[in-house]
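Just so you know, structure 1 and structure 2 below are the same protein chain in two forms, each on its own as structure tokens.
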Structure 1
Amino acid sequence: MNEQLLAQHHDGVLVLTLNRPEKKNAINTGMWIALREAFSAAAADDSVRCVLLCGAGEHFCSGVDLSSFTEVIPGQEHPFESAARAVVEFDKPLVAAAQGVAVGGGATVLFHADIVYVGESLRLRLPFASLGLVPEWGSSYMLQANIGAQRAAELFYTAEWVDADKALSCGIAAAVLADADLYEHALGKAREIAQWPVNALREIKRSLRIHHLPAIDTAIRTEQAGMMRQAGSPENIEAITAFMEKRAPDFSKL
């Protein structure tokens, strides 16, 4: 654990807080490693019966800190990959509380939570098409599994912003709370879950999740292959250049 991922224990609940509020909790290399270690340790610790994932400050998570990709040695796996696997394979209930911005990886991680509560300020986006990239974290499967194929396709293809009411109506969120009440509500539900025997919770999670795991694995491998093809492609370069130049990207000539 490090200061950018805070961990607190509350009556069988491990609260993990993304803690880079000055960067809207964008996840850098150290945070990916800390997330991997935290979820792996929580899976092995029977005193932890539920995990609550949240973000410090006004936002949940603005996604991957792009600077983290410059810190990885070429040819070595980015720690995002092992962190994603640790979350996918986590065998106990995972509750998430999201407010403000939830973009990219800050959105797709929510699809692996068993229950998601959102604040009224939520603004969620899957920006992959606009970046000339593809989805990640198995989200190309999990979002369909959670909300249906057509709704998922609409969000991926349009890269539109999703507010709290739409997140609730389409099935991404279980409930919408005032931002001021979000954390306490989510923690209360996590504590409610954590009162039950840890092995019963494991078996319930296994029963709910086992049917999805082969499809998630296929989705992750397909996404990784697509990302290899698209990262550094002309459309990806145009998207990043336009972002740096604070203009709309122009894909018409590519």
Structure 2
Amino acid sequence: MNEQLLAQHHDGVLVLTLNRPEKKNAINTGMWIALREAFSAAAADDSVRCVLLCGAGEHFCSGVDLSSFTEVIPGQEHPFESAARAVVEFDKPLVAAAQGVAVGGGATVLFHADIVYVGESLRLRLPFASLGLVPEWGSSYMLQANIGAQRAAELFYTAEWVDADKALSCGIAAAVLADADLYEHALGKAREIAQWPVNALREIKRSLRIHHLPAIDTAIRTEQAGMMRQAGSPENIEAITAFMEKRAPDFSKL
């Protein structure tokens, strides 16, 4: 296990903690690989009956590490892709606890959690348009499935911030907790789930997910094709350069 992805077992619950708080838990290449391995191993291990995904410190996750984004080799699969697949295909209950920043992949992973609890400090954003990119992780489908087409379109096109109350009212979250109570609440619910037989939980998950999996597959393939066109495009380079230089992007001359 990678020290930037912590794993702890609690009575049938595997708690996975993104642990890079100094970068608001941005996920780098090593963490994507660790995530893929952790979800694949958890699926194969019957002593794990539920996974709880959370972030160390005050924030859940600021998404793909933008400083490693340019390491992507054209034609080669980014380790994000196989990690995303391992989460999509995970066959047992997935609970998430998110507080503070949840941006990009740090937001779209939540749409695959069976239950999402959020802290009052939640600030969620789908920044793809502002980065000259397209949605990922099947989110172009999953967000519509979770909250409806118009509200999903609004969040993707405007890249606006979503706070905890809005996340609850639109259906991204199941409940809002005080930040100090979030982890214990989510762990308590995960433990409640993990008291039941693993095969029953698997069958329930299969029944819940079966409707979505073909659509997620189509969404991921469409998103990947769009990403191939947009990653490394002038607007994407301007957006990432602006982020590194801590300034606003200027798309006016492109």
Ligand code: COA
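Residue numbering: sequential along structure 1, first residue numbered 1. In this text the structure is predicted, and so the values were computed from the model without any measurement. Superpose the two forms; the largest set of C-alphas matching within 1.5 Å is the rigid core.
S.K.: Which number goes with the form predicted on its own?
M.R.: Answer 1, the form predicted on its own.
S.K.: Taking 2 Å as the cut-off, check whether the CA of Ala239 shifts that much or more between structures 1 and 2 after a rigid core fit.
M.R.: True for Ala239: a C-alpha shift of 2 Å or more.
S.K.: May I ask for the C-alpha shift of Pro249 between structures 1 and 2, in Å, based on superposition of the rigid core?
M.R.: Once the two forms are fitted on their core, the shift reads 3.0 Å.
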